[in-house]
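This document starts with one chain, in the form predicted on its own, laid out as structure tokens.
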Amino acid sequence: MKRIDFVTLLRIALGGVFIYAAVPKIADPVAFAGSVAAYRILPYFWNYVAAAVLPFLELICGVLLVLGIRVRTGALIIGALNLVFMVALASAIVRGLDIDCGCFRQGGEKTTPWLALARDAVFLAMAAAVLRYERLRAG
């Protein structure tokens, strides 16, 4: 029986989180565009572009991590996405915006930017651990 190591579990968990996050955004892109617009960072049109592209990028990278295909690429993109999300959340905090992060669902209870920022820091650490493990494994 093959033993699964801790980093493999991290990789699969991180991929699963991003698949889980992508599905409701893909199902309701207009609501997700509203969540993106709430950050007041992008011009109007680009909120819809971001809402159309980001969920599919999250889904593809999540599937790559879960299946163990192109793991470094998937982890690198997810890490970069988390950095962008963290900058956007920090910007919302600094500007005093009382918004829902729009991370996992549209509508319902709000997730505060502080909580989302902490959660994204954990996801960033997970992506970094996967990247480091893959680099060490490659030689």
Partner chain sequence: MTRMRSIHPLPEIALVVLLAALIGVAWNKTLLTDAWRGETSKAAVIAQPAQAAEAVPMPVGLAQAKELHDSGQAVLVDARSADSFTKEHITGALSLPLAIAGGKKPPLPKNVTPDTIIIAYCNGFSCHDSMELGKFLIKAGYRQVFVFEGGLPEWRDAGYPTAGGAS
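Residue numbers count along the first chain shown, from 1. Everything numeric in this text was worked out from a predicted model, so none of it was measured.
Quick note: we don't show the form predicted in complex with its partner chain, though the next part is all about it.
- Although the partner is absent from this view, Trp114 stays clear of its partner chain in the model of the complex, with no non-hydrogen atom inside 4.5 angstroms.
- At a distance threshold of 4.5 angstroms between non-hydrogen atoms, Arg40 is in contact with its partner chain in the model of the complex.
- Tyr48 belongs to the set of residues with a heavy atom inside 4.5 Å of its partner chain in the model of the complex.
- In the model of the complex, its partner chain lies within 4.5 Å of some heavy atom of Cys61.
- Not one of Gly16, Arg95 and Cys101 places a heavy atom within 4.5 Å of its partner chain in the model of the complex.
- Taking a 4.5 Å heavy atom cutoff to its partner chain in the model of the complex, the contacting residues in 66-83 are Arg70, Arg72, Thr73, Leu76, Ile77.
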